[in-house]
Ligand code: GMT
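Heads up, the chain below is alone and in the form predicted on its own; it's given as structure tokens.
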């Protein structure tokens, strides 16, 4: 039987720090390694996209700030660039991450192309496009339309699939394909990172996020402030957003000597391998890629039991889950992990095993490839 030919795939995602963009970038890299031709289309180069990688191309979207418009428009220039790249490079698939504005732009882009030249459209939902914008009457109908026009829709967790069906009344099938993470080799040793951070015997408690409202940095700091002095630690925050709004909270809570902030870190693995414990206090999460990243380095987490997080980690085995909003409960869980290094290491080993069994590129990427082949075949059959 002949081997199926490589596909030409366009990927659109937010290029900034955030789980959706990181996953989309990693997916593009892995697909290129498997021989596919990948075209990233966005207003900026994804933050973790390497330069010069074979079979990976980046097409920037130019956004003009015309005085006619009160706000600069991105959706229309994006749709034009999608259509242009699809036409000029013969794309088989447009894989967009987030419904708004990416799937809506892709629907418009396909309408600009002639029959036989339209790529299939795969839309992956990552969270707020359903849980936040899906509730908004100004966006919900557009999201529902984009999903109806997609050839396939995926979510990154079973939780998000159910929320999408509930909030948007989606009747079509939705594939659940979890996130994955393939760690790169750290560039510095664990000891070197801990020296840089000024750590002695303290536990390194790590938080990494874009600092947006659902991450609840206020609760993170409140929980940290309630960890008693008998349990020495430093909270290292890898901030993918502006931490300035939280600096007053750090001072007010007496955390100035316990909190270390590093902005826009790209060498995540350096800090992940140096961490003893993750701490995540979100009020809403479709998956939480940061927990998975920590798991890969044998680092268990204390986290809120929300959204898709229980699909990633198992409480009592690969970390501890606490009801959302319980700052005392979070603090006590952190204390229990700091106080018992043997238990923490055992949970870390279980976390690493779970991560490298269920959430690897070898496990997840072939599912996307199979999905692309399926919808391409269905589209071809529909044209005959």
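As the structure is a prediction and not an experimental result, all values here were calculated from the model. Residue numbers count along the first chain shown, from 1.
This next part talks about the form predicted in complex with the ligand, which is not shown.
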Checklist outcome for this item: Per contact check vs the ligand in the predicted complex (non-hydrogen atom within 4.5 angstroms), the hit among 204-212, 145-153, 112-120, 217-225 is 204-212
Checklist entry - Though the ligand is not shown, can you say which of 103, 78, 289, 274 has a heavy atom within 4.5 Å of it in the predicted complex? => result 289
Next on the checklist: Please determine whether residue 284 contacts the ligand in the predicted complex, using a 4.5 Å cut-off between heavy atoms.
Outcome noted: yes
Next on the checklist: Is residue 126 near the ligand? Define near as a heavy atom within 4.5 Å, in the predicted complex.
Outcome noted: yes
Next on the checklist: I'd like to know whether residue 10 contacts the ligand in the predicted complex, with contact meaning heavy atoms within 4.5 angstroms.
Outcome noted: no
Item to check | Contact flag, residue 179 vs the ligand in the predicted complex, heavy atom cut 4.5 Å | outcome: yes
